[in-house]
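Shown here is one chain on its own, the form predicted on its own, set out as structure tokens.
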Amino acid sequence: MPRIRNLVSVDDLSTAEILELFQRAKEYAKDLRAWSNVCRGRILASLFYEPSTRTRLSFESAMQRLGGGVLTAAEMSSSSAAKGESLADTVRVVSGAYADLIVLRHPSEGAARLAAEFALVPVVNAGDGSHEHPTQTLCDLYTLWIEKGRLEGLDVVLAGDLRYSRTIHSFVYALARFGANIVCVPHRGLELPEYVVRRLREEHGTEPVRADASDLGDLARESDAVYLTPNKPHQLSLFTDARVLRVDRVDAVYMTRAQTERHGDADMASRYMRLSQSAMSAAPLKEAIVMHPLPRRDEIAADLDDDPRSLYFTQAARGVPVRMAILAMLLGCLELSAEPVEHEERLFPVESGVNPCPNTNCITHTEKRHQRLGYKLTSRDPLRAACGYCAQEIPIGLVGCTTTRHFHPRDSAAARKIRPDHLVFFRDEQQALALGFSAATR
């Protein structure tokens, strides 16, 4: 039986696969009505535990344009979830005979990964909490690729709520993979999370540099801008002071709304940063395109809608051919010549039975009946680990070994020798002793 492919993260696709999907999407876009035989007889189930307009409709439009059918559960509060049914049980039932592919949106980070572990068909992540939104990222990359002709070396400003926007988190990982430069212009207090910055540094060699964004005028007036670049400091020093990089050229501005449903500050919208026609008149922005994942509130002025640089409605429309290509590939109706990703990320079990993930909105905390606990090792020296579902770093005070039942300081030589599948993480000595571990004797 062939391996089921899921799209839980943008990392589930190789760079070559992404570019080939873009080529196919470009073909589909020439005549969206010409492909109704590609996935004939296949059924997509959209399970949306959170509100959605564009993502859900574009997936359903894409499937129907490919000749397939759609089952919609757009308001899961009226489904068996309201009766207490677990996500795991839901996807097992739906993937049993109802559908050939599941598109899932869920408020808990890591939900798509857990769903993929139980489903019998491919699972596509349509947004899991503030974690990732890989298909939106592919749509955004596709727009940049179409408009600019390339992705490598582009300078992209990400503005607004960078902390809670799952779109931003997926997008920065993908931009880094393609060698783009990222200028972070956050609303104050909504900076890019540290775990995202750390992953960019460790996996993509992207170094954060303090940015002088004064040339961006009103857009960056209230922000502490940061420049994330794959260039090393000694390379930057060839053309600027590596400690403060001046932003004097921008290819795209990606604006995001305040994710008030995640941080609870309902009044933020009234004082949130705003992109206007006057802001876009700053010299570095004159040739930049304007993007937004939508929906928007007041963060983009209406006077920009008719500006030829504003592409957010075109960006939304392009989601259909991109998702057509994604669905066709995952359903086995489109064969790519590009090599897939080489390996899946390995998760190690959490042996203590105590959930070490600090993120209370992680699926490992919210899915009680079918709780899965797993971690990924991000570094051995120094010892660091992250939740295998939401990717947030696990706080480690002490490290235990399930074989010896001893615990050690996290940065000790003994801790570095413990096999990953024998590791246990403790907040402190009290927790270690309560779980039956003892201090290692010298």
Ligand code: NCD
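Predicted, not measured: the structure shown is a model, and the values here were computed from it. The numbering used is simple: start at 1 and walk along the sequence shown.
Another form exists, predicted together with this ligand; not displayed. Remarks below refer to it.
Using a 4.5 angstroms limit between non-hydrogen atoms, H187 is distant from this ligand in the model of the complex. In the model of the complex, this ligand lies within 4.5 Å of some heavy atom of T55.
Using a 4.5 angstroms limit between non-hydrogen atoms, P122 is distant from this ligand in the model of the complex. When this ligand is considered in the model of the complex, T167 lines it closely, a heavy atom lying within 4.5 Å. With the partner omitted from this view, the residue of G149, P295, G96, G353 that lies near this ligand in the model of the complex is P295 [heavy atom within 4.5 Å]. The partner is absent here, but in the model of the complex a heavy atom of Q259, alone among Q259, T90, N181, T364, sits within 4.5 Å of this ligand. With the partner left out here, this ligand still marks one of 106-114, 130-138, 327-335, 188-196 in the model of the complex; by a 4.5 Å heavy atom cut-off that stretch is 130-138.
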